[in-house]
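A single chain comes next, written as structure tokens; it is the form predicted alone.
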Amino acid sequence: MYFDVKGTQVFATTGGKPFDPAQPVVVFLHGAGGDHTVWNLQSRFFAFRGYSVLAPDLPGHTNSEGAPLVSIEAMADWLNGVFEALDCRDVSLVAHSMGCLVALELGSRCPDRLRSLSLIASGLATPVNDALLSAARDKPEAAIAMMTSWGYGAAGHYSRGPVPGNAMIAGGQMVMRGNSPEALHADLTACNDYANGKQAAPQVKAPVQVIVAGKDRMAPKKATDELAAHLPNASVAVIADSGHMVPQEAPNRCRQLLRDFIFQNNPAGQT
């Protein structure tokens, strides 16, 4: 669906059901260079179990208008604007990679917005390799190749994904090419510049789960351990065989972990 946030058109998928803010809401936030399609195998599950679902494209990504946002803080403000525009209450926020930094920032600024927070494959900070930053600015095809090579684990590289015929790396490259030309560099710069994670994490009031990818080359376990240590009462689960792109590489296990956590902390009329 399309809706307006501060004069700019935003796109979000709703899992195949009409969006109703009177129901508990699950919001899925993508990472750098991504879009709503990262969550195709999770969003529909919740939409058909009593939740309203939003998987938005950040500005400048795929179907959302506007220039890409250049800081994590600006993305958090924008996400809060999405919640206000749609009157979202009882929100479970699920975020991947860069989206986790946005979720931390929003959770610290607006702690009463969230019923639960699920952080997948991230740390308190996300420093970016200088070569990748330069390539995103000057050689976008090289940057896309780096991102997808490092981001996907064995399931992506050897076509062992859960969806027959789905080439995850080719799909990820297609999504990045479909964003505005500046989006990947803006996203990576925002990640590299964000330095408020250690201050933001302790201010999150909602129950938090941290999902760790055991084969992650972009957010290694050391980084996710540090994230969990700064969050009050965080639960941690490890998906041992997944690379960084957990929602696509290990969708069933990811969905099960999200299901158990969100059903407990933000219950709806699910079956």
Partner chain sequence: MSRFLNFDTLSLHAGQVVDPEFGARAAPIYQTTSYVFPDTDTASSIFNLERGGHAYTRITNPTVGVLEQRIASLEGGSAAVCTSSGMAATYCAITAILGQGDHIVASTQMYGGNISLMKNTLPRFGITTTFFDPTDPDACRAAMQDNTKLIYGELIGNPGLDILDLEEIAKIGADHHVPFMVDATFNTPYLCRCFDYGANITVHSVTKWMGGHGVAIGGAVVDGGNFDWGATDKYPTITEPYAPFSGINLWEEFGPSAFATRIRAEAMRDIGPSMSPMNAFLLLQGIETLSLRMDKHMANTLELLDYLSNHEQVSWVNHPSLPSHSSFDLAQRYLPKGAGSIVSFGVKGGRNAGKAFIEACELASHLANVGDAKTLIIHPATTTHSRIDAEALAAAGITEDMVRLSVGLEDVADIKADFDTGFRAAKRVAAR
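Here the structure is a predicted model, which means the values were calculated and not measured. Numbering follows the first chain given and starts at 1.
What follows is about the form predicted together with the partner chain, which we do not show.
Taking heavy atoms and a 4.5 Å cut-off, does residue 43 contact the partner chain in the predicted complex?
Answer yes; at least one heavy atom of residue 43 falls within 4.5 Å of the partner chain in the predicted complex.
Give a yes/no on whether residue 221 approaches the partner chain to within 4.5 Å in the predicted complex, heavy atoms considered.
No.
Answer with yes or no whether residue 161 is in contact with the partner chain in the predicted complex, where contact means some heavy atom within 4.5 Å.
Contact with the partner chain, yes.
4.5 Å heavy atom contact, residue 171 and the partner chain in the predicted complex
Residue 171 belongs to the contact set for the partner chain.
Contact segment among 181 to 189, 81 to 89, 119 to 127, 147 to 155, judged by heavy atoms lying within 4.5 Å of the partner chain in the predicted complex:
Flagged stretch: 147 to 155.
Check for me whether the partner chain, as it appears in the predicted complex, comes within 4.5 angstroms of all of 23, 97 and 115 - heavy atoms only.
The answer is no; none of 23, 97 and 115 reaches the partner chain.
Residues in 1 to 38 with any heavy atom within 4.5 Å of the partner chain in the predicted complex
Contacts from 1 to 38: 1, 11, 13, 15, 16, 36, 37.
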